[in-house]
Ligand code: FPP
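Consider the single chain below, provided in structure tokens and representing the form predicted on its own.
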Amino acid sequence: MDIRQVRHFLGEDWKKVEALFEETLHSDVHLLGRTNGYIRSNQGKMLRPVLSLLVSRACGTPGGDSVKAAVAAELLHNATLLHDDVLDDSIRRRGAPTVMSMLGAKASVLVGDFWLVKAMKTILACENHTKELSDIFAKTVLDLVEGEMLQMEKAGSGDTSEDDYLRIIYYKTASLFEAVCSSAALSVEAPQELREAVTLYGKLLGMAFQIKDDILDYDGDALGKPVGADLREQKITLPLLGALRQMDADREKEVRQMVAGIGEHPSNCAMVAEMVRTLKGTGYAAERLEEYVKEAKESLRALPASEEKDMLLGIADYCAYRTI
């Protein structure tokens, strides 16, 4: 699926999203305005606002609140990326230098705060269901914080289980996809059955999206960041968990200790990565990915037939088969 073609399909609704972005991010502070423009020029496919508009159109007739919900989702997403770049000491994202690498950690945090507050103000400007929409996005911010803290805790101990991993990726990635779809359906006052269906779709889609990211971290340099970035940050993700399942208890303990010790012994990174490839850990992760994609598509059965529904089904496949 070509997300650019989907944006073209969304027509006037997409133009309204773009216009609100420009209005929302305007600043008379030259450095901030220039930095916002740089981020906008490297935003990638803008999957989350595309998803938001598709859901609102599949469930009803989008209006001003639907546009605001779509913009808020992307603002929040980029705020988290700006903060993540500081936490992870990332110098590149989507193949381009990060704000942190160009202006420093302080600037990246401050710009991230700007985008975060703008996201919440955009939601508060909605005319209907303002409290419910605010609660949806506030929950997501809390989830993101808890997910980051849990991931930090587990990185130091090396004892991440598959349940821990699934909890982390729900908090850090899937919760926002869930919020995108739930808020979009609420913005058009969709019936409860449809709201529940698309909310579940968003959660499952987000889980699949992150699992694919974690597979790509072992399989290629497609995300604009070096392969093995997760291991260097001592993160135990699903491909490694798939490899660990094939080891006896003593060997598993040894490998986990190697991951926990990567900070002091960087060479452990290459050795662990080779184990994952040899034991086909990414194959195990791909099987789980397919399960989430299948469930995400099945969750849309409640939606009436439409081009938007077909595109939502296509986005589920895109999450499974994308190379970037």
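Residue numbers here begin at 1 and follow the sequence given. Quick caveat: nothing in here was measured; it's all calculated off a predicted structure.
Form predicted together with the ligand: not shown, discussed below.
Ala79 belongs to the set of residues with a heavy atom inside 4.5 Å of the ligand in the predicted complex.
Heavy atoms of Leu116 reach within 4.5 Å of the ligand in the predicted complex, making it an interface residue. Using a 4.5 angstroms threshold between heavy atoms, Val145 counts as touching the ligand in the predicted complex.
Though the partner is left out of this view, Leu194 does not reach within 4.5 Å of the ligand in the predicted complex, counting heavy atoms only. The putative spot formed by Asp88, Gln210 and Lys235 is fully lined by the ligand in the predicted complex; each residue has a non-hydrogen atom within 4.5 angstroms of it.
Of the candidate stretches 181-189, 88-96, 195-203, 127-135, only 88-96 has residues with heavy atoms within 4.5 Å of the ligand in the predicted complex. Site annotation in the predicted complex: the residue of Val141, Leu166, Leu216, Ala155 reaching within 4.5 Å of the ligand with a heavy atom is Val141. In the predicted complex, Lys172, Thr173 are the residues of 153-174 with at least one heavy atom within 4.5 Å of the ligand, listed from first to last.
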